[in-house]
Each structure stands twice: as C-alpha cells, then as structure tokens.
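Single chain ahead, written as structure tokens, the form predicted on its own.
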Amino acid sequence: MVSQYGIKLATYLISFSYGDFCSKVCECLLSRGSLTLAQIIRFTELSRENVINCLRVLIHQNCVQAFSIQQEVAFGEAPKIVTQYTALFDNMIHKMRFPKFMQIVSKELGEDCLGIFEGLLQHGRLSLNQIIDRNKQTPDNSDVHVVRETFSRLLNARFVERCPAPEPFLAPHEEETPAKKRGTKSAKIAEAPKTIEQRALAAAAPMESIRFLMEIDTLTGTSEEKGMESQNIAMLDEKWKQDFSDAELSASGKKKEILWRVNFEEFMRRLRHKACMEYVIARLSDQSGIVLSAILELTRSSETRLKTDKSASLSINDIYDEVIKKDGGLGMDFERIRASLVQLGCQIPTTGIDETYSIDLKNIVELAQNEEVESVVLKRYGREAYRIFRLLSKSGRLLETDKISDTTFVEKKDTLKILYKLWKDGYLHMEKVSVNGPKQTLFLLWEMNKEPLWLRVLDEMYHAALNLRLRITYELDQEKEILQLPKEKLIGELEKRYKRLGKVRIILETSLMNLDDALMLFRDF
C-alpha cells in the first residue's frame, strides 16, 4: 500500500507532465487499487471519453497496466470477462529520475545513444520505425543502419526492453489441494500469495528469451514476432470493443509493430550497486569499493530480480582478473583482495580448494538504511538521543532502561525522557515487564520499531520531495517573464534576478536528487 504523501508526490508528477485529468485517474487507482473502467468513471466523476483518453495516455507512458479477470457471476450464468486497470506507482516516481538514467546512458554508451533514449523517456513506448522517423526530423539525423546499431547497443546494455502484453488474462486461483495444505511451515512462509496486481505484472512481462531480442526483419515489418504482437493487439481490440464505442476504438489507432520502452529495472539495479559501492568506500576503504565494484560487474547479468540478497559466487581468480582492470586496482594482489573481502563480510575458506566468495548486498543496504535514520535522529533529537537510538539499532533486541543508560553514559533521568520522546514519535517499541517479589518491580524494555519506522521515514521523504518540487515550480513561475527574455536584454536588476534564480534552482534540484537517493534506499533497494 502506498503512503499518503507517496500518492500526493506521484499524482503531482503526473499532473505536471500530463494534466489534471490524468492525475485524477492516477490518484483514484493509487488510493482504491485496481478498478474497472466503469468504477474509475464513477469515482473520478469524469466523462467516459476523458477517462478513456487518460487511460490511453497512462498506459502508453507505462504508468497503468490493464489486465482481464473472470468476474464471479450467479449460478447458471455464463462467465464474464472484465478489464481492470492498476496504477504503477514506481514508474510514476521514476519520472523524477530521468536525469540520472540519462547520465548512466551517456557515461556507458556515449552521447550518440541519448537521442533515442530521450525519445523513449518522452514518448513512453515507440516502435523501431517510429524511432527512425523521429531521428529523420532532427537536424543531425543519422542513417537508418546507424540508428539501428545505436538501438542495438541500448538493447545489449538492457537499457531498453519489449513492452509488456497489453492486457493479460489472469486465470482464477485454484483451490489448495490437501497435499499442498500439508506442506511445511517454512514452505508456506516462502510462498506468500501474490496480489492480483503482482500477478498481472508477471503475466504481462515478456518472456526473458525475447525481452531484449530485436529480430532481423524488424525494419521491413516481416518479423515472426510481429505475428505474436498482432495477435495480442487484436485480443486487446476485441476487448476494447466491449468497453469502448467503435468511434473511440478507431481513434485509438492500431499498432502491430513491436513496441519498446525504457527498462527501469536495469537502471534501478545499477543505482543500487552504485549506492552499495559509495557506502563501502565511505565506511570501509577505497580498495573494498574496487573489489565490490568488480564483483558487481561480473555478477550483474546473473541477477534475476532487483532486490538480490547476495551476489553470485565467484572464484578468487575471476575477482582478481576483474579488479586489476579497475582504476586503482592494478596494484592489488591476492592478499589485499582477500583482506577487502573480509571487510565486506566474507569468510576466508579454510582450504584453498574452490575458493569462492559471495557478497551480502542486503546487509550493506540495511546498514546504509540504519545510518540514514540515525542521522535523522541526530538532527532532530540531539547527540544523546543519537547514541541511545544507535545502541538499540545495533542490538536488535529489547534492552532495559538502566542498561541503555549505563552503555551510552547518559543520566538515567535524561535517558528516560529521551526514550519516551522517541517512543511517542514512533521510533521505538516499549514493553512493560512486572516482576513479583517482596516488592513488585516494573521494568521498561525498549527496541527499535523498525518496520513501521521505515514506512514513516519513507513517507516523510515523499513529503519533503513533494515540497521541493512545489518550491522549484513556484520559483520558476515567479520569474517566468525573465526566462522568456533574450539574454542580451538581461541587464542590471533583471540580470541579478536571473542569476539568483539559477543559484536557487541548482540548490533545490541538487537537494531533490540527494533526497531521491535516500528514497530509493528505503523503497527500491
């Protein structure tokens, strides 16, 4: 479930890019969950035409996914298939990360790939022919084969992927068999049931074998895959005939070509790796950062999901071969690499046979999250509260008030005040334990209230990010007349105002990007 300010930030980003009607549809879906077309019309109080147009825009911009389910009907009636729409919250928030994505592409593939990539960011989904047509309209348009080669480089780097199925059908859940019910407790915990939205995204995702595959005949329109795409579009059109009128359907336009979009998952994976390396370099050493960078480079292609707990195992020889290719890694020998691996939490094998290592990425992320929250406590409550919170954060268990006071060297009276303040604000969990004896004694036990605290911190970050976006918009609106003037007319007082706006904008946008790094740490990593 998305938090209050998370919804407000997402709807603001949509409103800024696509208007208030699209923003209203997104807010409705984020607040209420998956809905049918009729339900969206009823809850938003928009006209049918406006809702349909908004859904088309949002689907094309990868902010909404449609899917079909079998609706329950009365006994004896024929099954009814209905289309529902679900909002993709993370994709909406990714819109403020486009500059980071473009920086990654520019650094890895060069400036020549930015034109195609920027077009996909702007338009959401494009076919290869549309990309070529768009390139022809630019002043420095390239040859068709050059565009195709550039696009292939984006595909090979996994920065671009095939679009998901337009409207996958979700079969009804099967009843659990007695054999399944007798499964072990651990198996039940591991196989938590997926939500209908998760099932829809999984069903819509293209097969891994064709996800990054560009057929040879794509340009001529004779690809075998085009038949599959046409079939999917035809199924969608047939379904839309039930929901939309013929006039509405003809206005939607039929696309039989393979559509491509930006692969957000790959960019978030690279940003996660970057955050881990920055934390290791800042807290451990530059050499440990080099070793971690080498391991992540070798294992990136084997990661099947974003939040991978541990990297794939690598031999010490493979790690060494990659380390010496890195800047600053040429002078590192096996002993230095092993020492860095120990710093990263690895254990040196007792025998030299099959010396392999794997990095606990989840632990690095959790350490970074803890430090982020500890820094918030330090700024809000002071150094003594920081020492107390840090003790509870590292202990991971209930501690008694006297124990906390003795360990942190804070007076018991002050310790109790600080603990009560942190507990009242939701940072700590408190338990009262009564011990019976000659005299009844009451002990107060404290621990970090991690899960609800993480959600609270995340919501506060959404709130702060929204305020920064609003302030940037306000500053630009205040000086919009100056921004429209040619540079030669910016003299005297106008020049001062223009320079002030530039400085303010840099400060606000830098603060927003730094805040977004923390946002990703808690939401995506």
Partner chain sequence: MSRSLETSSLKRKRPEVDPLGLVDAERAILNAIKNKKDLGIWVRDIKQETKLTDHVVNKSLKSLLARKLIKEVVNIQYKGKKHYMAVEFEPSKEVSGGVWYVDGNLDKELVNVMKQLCLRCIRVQKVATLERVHEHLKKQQVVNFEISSQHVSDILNSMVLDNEIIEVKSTGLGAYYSIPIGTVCYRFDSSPAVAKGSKLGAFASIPCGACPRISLCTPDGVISPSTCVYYTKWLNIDF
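Residue numbers count along the first chain shown, from 1. All of these numbers come straight from a predicted model, not from anything done at the bench.
In what follows, reference is made to the form predicted together with its partner chain, a form of this protein that is not presented.
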- prompt: Quick one: is L483 in contact with its partner chain in the predicted complex, heavy atoms, 4.5 Å cut-off?
  reply: no
- prompt: Hey, in the predicted complex, does S301 get a heavy atom within 4.5 angstroms of its partner chain?
  reply: no
task: Please check if A282 has a heavy atom lying within 4.5 Å of any heavy atom of its partner chain in the predicted complex.
output: yes
message: I'd like to check something about N467: if you look in the predicted complex, is any of its heavy atoms closer than or equal to 4.5 Å to a heavy atom of its partner chain?
response: yes
task: Choose one stretch from 385 to 393, 206 to 214, 307 to 315, 79 to 87: the one whose residues place a heavy atom within 4.5 angstroms of its partner chain in the predicted complex.
output: 385 to 393
message: To verify the annotation, which of these, R471, R56, R42, R48, has a non-hydrogen atom within 4.5 Å of its partner chain in the predicted complex?
response: R471
message: Can you work out which of D143, D354, D406, E111 has a heavy atom no more than 4.5 Å from its partner chain in the predicted complex?
response: D406
- prompt: Non-hydrogen atoms within 4.5 angstroms of its partner chain in the predicted complex: do V262, D360 and K432 all have one?
  reply: no
query: Even though the chain is shown alone, can you say which residues of 369 to 385 have a heavy atom within 4.5 Å of its partner chain in the predicted complex?
result: E371, E372, S375, V376, L378, K379, R380, R383, E384
